[in-house]
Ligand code: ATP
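Taking the form predicted alone, here's one chain by itself in structure tokens.
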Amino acid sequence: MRSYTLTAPAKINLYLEIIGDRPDGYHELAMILQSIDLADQIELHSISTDSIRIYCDHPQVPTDENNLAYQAAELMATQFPEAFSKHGGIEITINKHIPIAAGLAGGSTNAAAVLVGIDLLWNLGLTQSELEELGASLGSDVPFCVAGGTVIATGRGEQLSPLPNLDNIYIVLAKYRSLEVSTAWAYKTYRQQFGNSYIRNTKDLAARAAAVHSGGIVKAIFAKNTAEIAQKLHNDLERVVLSAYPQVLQLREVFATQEGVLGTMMSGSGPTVFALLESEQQAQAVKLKMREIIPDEDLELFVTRMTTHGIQIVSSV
């Protein structure tokens, strides 16, 4: 039976602006999404039965229909029933390196890898745009995870426009292992506290979306100015998460005092906080310093860097 092994990179938000409500109940957003080297490894095998099986080395990751990777395989089976009938079921093994419930799109990137992998296993010949469109029905981050790199995302996050790729900007990630922040709670709370500032007219909303405040960081990305990018980091959800989760605020405050840190911010709805640095040596030094200042065994720290790609093939058999 054929098999593929793929890498599924995590992502961080360099920018997240909430514009207003959408008719579908989601928020209208303007975001800059960035792939990072920290990645899960996904193995896909064709099996003779017509089932979908998932295995994962992390005990907290579901291995049933609650897993987004399972849902991705199920979607492909539904969309391409003849290929499913011809090639049989799928066995998916997830080797987890991205921390779970971290705001780093771990589940979304696993799902994106399954879409790409099944396209290859079944010789479907789908384009990247077609894979992204399928991914959008699974979750707002899945289309980005297929392509990766550096993009500006609008709509509810599924409408992507590529930006010049960033790489070799180093990152320290910090997350308390036991701490989770509900994305739904973060957006609901933001709506409750700041919804009076939303644009209500959908025509005005479209105009507002064309004039968001991301121009400064976009200009810095085009100029490849790392220091300026770091100064223009922005995340509206910090307004509700930092006050409700003092541990997340503490990580941000400690990062901000470290030598070499160009900028720091919470990614997505949290609880992961990241710091940007110019070199791996600086990043490793900041990681050690963070461990010294916060000697909590529950705190996970990672050194990684920005990367220019999304899902990639490691091997095929």
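None of these values were measured; they are calculated from a predicted model. Note that residue numbering begins at 1 and tracks the sequence as displayed.
The following text describes the form predicted in complex with this ligand, which does not appear among the structures shown.
So which stretch, 256-264, 22-30, 287-295, 55-63, is the one near this ligand in the model of the complex (non-hydrogen atoms, 4.5 Å)? Only one stretch qualifies here: 55-63.
- Query: Among Leu44, Leu68, Val248, Ala283, which has any heavy atom within 4.5 Å of this ligand in the model of the complex?
  - Reply: For this set of options, the contacting one is Leu68.
ask   = in the model of the complex, which of the listed residues (Leu126, Ala101, Val218, Leu75) lies with a heavy atom within 4.5 Å of this ligand?
value = It is Ala101 that has a heavy atom within 4.5 Å of the partner.
My question is simply whether His234 lines the interface with this ligand in the model of the complex - judged by any non-hydrogen atom within 4.5 Å.
No.
- Find out whether any non-hydrogen atom of Gly106 is located within 4.5 angstroms of this ligand in the model of the complex, and reply yes or no. Yes, Gly106 lies within 4.5 Å of this ligand in the model of the complex.
Using a 4.5 angstroms cut-off on non-hydrogen atoms, would Arg156 count as touching this ligand in the model of the complex? Heavy-atom contact with this ligand at 4.5 Å: absent for Arg156.
query = Is there a heavy atom of Lys96 lying 4.5 Å or less from a heavy atom of this ligand in the model of the complex?
reply = The answer is yes: Lys96 has a heavy atom within 4.5 Å of this ligand.
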